[in-house]
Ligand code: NAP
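The chain below stands alone and is given in structure tokens; this is the form predicted on its own.
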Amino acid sequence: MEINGYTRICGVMGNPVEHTMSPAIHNTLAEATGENLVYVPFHVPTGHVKEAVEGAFALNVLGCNVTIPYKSEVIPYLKEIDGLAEKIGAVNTLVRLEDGFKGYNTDMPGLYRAMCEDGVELAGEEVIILGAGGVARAVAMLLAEKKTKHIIVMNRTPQKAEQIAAEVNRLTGTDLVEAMALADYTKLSEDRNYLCIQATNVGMFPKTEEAVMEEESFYRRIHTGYDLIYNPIETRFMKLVKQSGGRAFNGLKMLLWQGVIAYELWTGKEIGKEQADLAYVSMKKAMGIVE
């Protein structure tokens, strides 16, 4: 594309940010939709989030993604925040307004669109979430809003899981979520009843031979496993799910769709499947994935 005086800038704020795959997504989408837009990484040093947000607005930046470790830290410097992002307590997308930025969370809608594309239903499901960090909390919020039947947050130490369960139940006005220690998994139904979402960083490159749960009898209870990790492409968690007869997916399509939704918010353009597929191919190429 030609960069000229009308070119708009979008980017991603983070620290570190050099490993990001987002430019491959957004620059491909810009070319596919004929948008005069470029997307670049912004490395924001610790303690400079306020200046980064204000500077981006002053420089007429159209929009930004926000990644680790600033998804919560950025919130006080926004003019508005979307309801879902406020409930989750994390923002990953800034959309330009007249007097500042509005914060959105496209991670969870991205996960939902990825699951829909993979044929994974949520309504009426019994779901296990492995982990009790911020990602697990966000996933629990999504699941509660999508009418799942029951949500079990499992963690080695149940106290954090109990906090998430209590908070999500309070925010959603339900009693869908309960906490359970990993060691108590034998209390789960022995039928293959559960969708399991792996929401920890265990198994991420370079420690690819690790999984939060190793017990084969746990995996016999899982009909579908969804690992939010995308590097490696097949985690140990996914292998264990498959070995026990279940379906398994990684977080690569979640990464794609969170980016697509952000692009739609910035440009007002609806991205079709063909355009999303082009971005998916570009993202995999940037990651060195050869099929």
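Heads up: residue numbers just count along the shown sequence, starting at 1. These numbers were taken from a predicted model, which means no experiment stands behind them.
There is another form of the same protein, the form predicted together with the named molecule; it is not shown, and what comes next is about it.
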On the criterion of a non-hydrogen atom at 4.5 angstroms or closer, are Thr157, Met204 and Ile229 all touching the named molecule in the model of the complex?
yes
Within 4.5 Å of the named molecule in the model of the complex, heavy atom basis, the matching stretch of 42 to 50, 233 to 241, 22 to 30, 254 to 262 is 254 to 262
With a cut-off of 4.5 Å between heavy atoms, is Val135 one of the residues that contacts the named molecule in the model of the complex?
yes
Heavy atom to heavy atom, is Val91 within 4.5 Å of the named molecule in the model of the complex?
no
The named molecule contact at Ala199 in the model of the complex, heavy atom, 4.5 Å
yes
Given that the partner is absent here, does Gly103 sit within 4.5 Å of the named molecule in the model of the complex, heavy atoms only?
no
Counting any non-hydrogen atom inside 4.5 Å, which residue from Leu122, Val212, Leu78, Met180 sits next to the named molecule in the model of the complex?
Val212
Determine the residues of 8 to 28 with a heavy atom within 4.5 Å of the named molecule in the model of the complex and present them in sequence order; the list may be empty.
none
